[in-house]
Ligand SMILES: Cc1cc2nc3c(=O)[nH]c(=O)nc-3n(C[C@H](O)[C@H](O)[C@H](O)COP(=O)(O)OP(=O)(O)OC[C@H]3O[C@@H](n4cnc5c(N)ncnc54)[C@H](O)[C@@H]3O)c2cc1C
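Single chain ahead, written as structure tokens, the form predicted alone.
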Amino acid sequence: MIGGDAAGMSAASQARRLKGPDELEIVAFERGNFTSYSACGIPYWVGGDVTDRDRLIARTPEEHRARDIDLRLRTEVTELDLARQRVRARDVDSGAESWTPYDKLVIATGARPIRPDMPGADAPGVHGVQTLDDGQELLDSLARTRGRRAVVVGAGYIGVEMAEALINRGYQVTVVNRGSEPMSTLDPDMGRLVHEAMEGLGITMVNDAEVTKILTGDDGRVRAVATQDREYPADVVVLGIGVRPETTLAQAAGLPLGTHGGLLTDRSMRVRGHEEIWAGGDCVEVLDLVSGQERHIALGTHANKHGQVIGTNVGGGYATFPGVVGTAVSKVCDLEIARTGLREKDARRVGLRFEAVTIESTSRAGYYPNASPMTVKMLAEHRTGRLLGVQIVGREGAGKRVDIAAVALTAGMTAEQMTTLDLGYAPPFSPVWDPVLVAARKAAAKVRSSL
């Protein structure tokens, strides 16, 4: 196993459940200091919602070793020798190198943060946030920083979550975003709602701006972020530009990569064309069940499922991973942001004609106390009415409603079929017509009128 987080250690644990140490020897390499942790929880640890780093760790190295998994921390695999079925690994501390043979190889190398190639990107006070070590370095940096100005570069999931974390830490936060609106995983009209809410929280949003360099002071530490138009003072900078599949080893070994740079596998998570090699987690591309194309989606939910499938197959069983519909949910302070399926530009890119509707509703019956506003956008295929995608922005109770649409997408339902779903209702939880169903009714009517 190359990689000791979600996919790798889920695979190792599942394989061990199926076969004992006398039947299967498991060696796992992890170049960092931790295993089986929640990278998704790092912004909430940095922001203070999670007070103890160890609460993000699902299973410690000692727990894995107690299950007869030979886990080698701070050991980085540097080369794959496919012809001789072996990997070369280097001890991070001593530099010593050695070869380890394999009968079955699992690649779970994850993703790496996109770090811009520009002056100052590696200066002290500039942080990417991908691992627990990254989170600890950022917290240590915040503790040493006297000023209270922070700039977040990028306004995707990591960017908006880190903006919230820094607001919670008492910083003045500016988010510099090269897109027209934050959250490019949403359509711009829905991203605008996020923009307005972030500014309402005191976050300064700078859209349509490309960072050109990071400026440093006489001490070498970051002092500002520069765009073509102006400079934004910063005592700390967090990079939230996104991630790319970490497939350097795989590419050097000649393994097949997709258009997004991720490893290509079959439904059993076996690397295409290689009978004894599997891959999972953030380093692979997966099938989008709505568009029918391969996508790269870095989420722990997928990585753990990949690991279960791989571990079952490595352990002598049989399992498959059918694909995804692209569901994700996040928040910035009390604003909940969710999406599943295709955006408008996704649908156009794959040649789908669609109808789009947007509705305003509330999280509870309008007369019930604390009912909060919610905006739901729905895309349905022209003529057939097949559901293509849903986006939701709102307050408490908005985000997890996207799961209704995720199930409908997976089942291939139409907007018309969704209108008859028997969802739970009581005034404290929903209006009589749930907001998702209101959107489905409007989408179905628009499809009918377009025929």
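Start at 1 with the first residue shown and count on from there. It should be emphasised that the depicted structure is a prediction, and the values quoted were computed from it without experimental measurement.
Omitted here: the form predicted in complex with this ligand. The next part is about that form.
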For this session: Would you point out which of 150-158, 337-345, 351-359, 269-277 contains residues with a non-hydrogen atom within 4.5 Å of this ligand in the model of the complex?
Result: 150-158
Exercise. Pick from P61, G399, G32, G47: which residue has any heavy atom within 4.5 angstroms of this ligand in the model of the complex?
Worked result: G32
Seminar exercise, completed: If we test each of N313, Q130, T375, Q172 for a heavy atom within 4.5 Å of this ligand in the model of the complex, the one that passes is Q130
Problem set entry | Distance check, P43 to this ligand in the model of the complex, heavy atom within 4.5 Å | yes
Exercise. Any of the heavy atoms of D235 lying within 4.5 Å of this ligand in the model of the complex?
Worked result: no
Exercise. Looking at the partner-bound form in the model of the complex, is A108 within 4.5 Å of this ligand by any heavy atom?
Worked result: yes
For this session: Would you check, heavy atoms only and a 4.5 Å threshold, whether T301 touches this ligand in the model of the complex?
Result: yes
Exercise. So which residues in 67-89, when you check this ligand in the model of the complex, have a heavy atom no farther than 4.5 Å from it?
Worked result: T75, E76, V77
